[in-house]
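Read the single chain below, which is given as structure tokens and is the form predicted alone.
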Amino acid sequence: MEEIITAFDYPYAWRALAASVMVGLMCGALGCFIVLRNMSMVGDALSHAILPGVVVAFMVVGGYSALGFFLGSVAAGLVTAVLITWIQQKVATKNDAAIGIVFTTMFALGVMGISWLSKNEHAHIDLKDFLFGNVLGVSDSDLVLTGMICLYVLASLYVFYRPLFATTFQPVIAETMGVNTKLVHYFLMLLLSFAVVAALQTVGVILVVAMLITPAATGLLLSRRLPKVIMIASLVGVLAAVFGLAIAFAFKTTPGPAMAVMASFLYGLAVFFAPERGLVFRFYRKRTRERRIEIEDVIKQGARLEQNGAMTIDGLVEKTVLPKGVVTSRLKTLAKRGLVTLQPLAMTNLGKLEAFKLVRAHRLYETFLVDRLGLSEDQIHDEAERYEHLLTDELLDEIDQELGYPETDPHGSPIPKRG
């Protein structure tokens, strides 16, 4: 903690923090559209392909220039986007192969250019800074340029939200509405090029895809509504940038990779603890559903056993094919709900009513499968066993009406009426 506080005694740390926050905010918001349009690899390709633009800008300007690097990188990014789209549409090459061909070629040209400049022009261009970023070297001019790019990208996403939304989810309908889907596509490529250039100094060309994709993927796990997804992704991008920078200061490591790792850590938290899609929630929901089915099976089989004599724990174990401990536990739950008595073991009137509901659902659904779907009698039992737990009273009433209120199922067993 002391290392982090001490670092902010110097102006370079505040510049690094400001640049990181803007990059995280911008990449998080823009990345949502990139992920939803299945363009994650395009973002990776553009981040690598801007390197030739940097080399050309260095040669034209005659040295380091934030504006020169920006213009060269954007030009290289647009050339890459056009080439990828052209190959995908005009050449018999798979989409991912087209992306790989173009970006590796552009990246290789950039590496060759940097090597040539270093040997022949005696220019000091550190390839490592381009690959992994050098956020601690952000200058005032870099910060101003990053701020302008961030404002432009966020403003563009706000102003052109509707056409971006339409072309992302329903491109055919968007075309019928008069939206030029190709123009929107290339405009998104332009914004992506801007974002990559802005992130070049912060996380570098290798890791910029992490700031574009990981926060967006996190937002999509936490919400289904796009505006909320964008806000969450932007927040995750900012948190990844801030905490990644703090980790870099604390452990004296490279900030760019630390930000990427932090973004992945936040994504991992969402994977496990997201309210609806998280693994923990899904496990709890699945276990709750299984427990409910076990309880319903016990009560249904208990009612059948009582009709044929007496309900016993051994009889329930045999009929439900559940371990004895599970049956005993489920009986205690049923007793708390007033559906059975434990001493003696017997169904209450309320329990019998619940059991008849399950029997009605089972036999009505069996009748539906035979009468409407044409299944044979030996095909319907297992299917009805699964769906009897899912059918609501309203849906059962509709099935009952559709079938003409049958009194017996395909096996000849009586169908209980709704109580």
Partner chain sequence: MDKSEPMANQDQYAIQVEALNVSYDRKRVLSAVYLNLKPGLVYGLLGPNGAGKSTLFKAILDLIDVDTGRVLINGGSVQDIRKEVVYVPQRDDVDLSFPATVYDVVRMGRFPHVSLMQRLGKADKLAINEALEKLGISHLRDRQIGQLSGGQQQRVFLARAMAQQADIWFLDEPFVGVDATTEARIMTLLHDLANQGRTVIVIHHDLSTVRNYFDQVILMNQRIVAYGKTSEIFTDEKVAETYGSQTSIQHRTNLLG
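Quantities reported herein were computed from a predicted structural model and do not represent experimental measurements. Residue numbers count along the first chain shown, from 1.
The discussion below concerns the form predicted in complex with the partner chain, not included here.
Within 4.5 Å of any heavy atom of the partner chain in the predicted bound form lies no heavy atom of residue 109. Using a 4.5 angstroms threshold between heavy atoms, residue 160 counts as touching the partner chain in the predicted bound form. In the predicted bound form, the partner chain lies farther than 4.5 Å from every heavy atom of residue 312. Interface membership of residue 229, defined by any non-hydrogen atom within 4.5 Å of the partner chain in the predicted bound form, is confirmed. Partner contact region in the predicted bound form: 172 to 180, out of 143 to 151, 318 to 326, 342 to 350, 172 to 180, criterion any non-hydrogen atom within 4.5 Å of the partner chain.
Contact annotation: of the candidates 295, 220, 191, 258, the single residue with a non-hydrogen atom within 4.5 angstroms of the partner chain in the predicted bound form is 220. Interface residue among 225, 252, 286, 94 relative to the partner chain in the predicted bound form, by the heavy atom within 4.5 Å criterion: 225.
Contacts to the partner chain in the predicted bound form (heavy atom within 4.5 Å) from stretch 34 to 56: 36 only.
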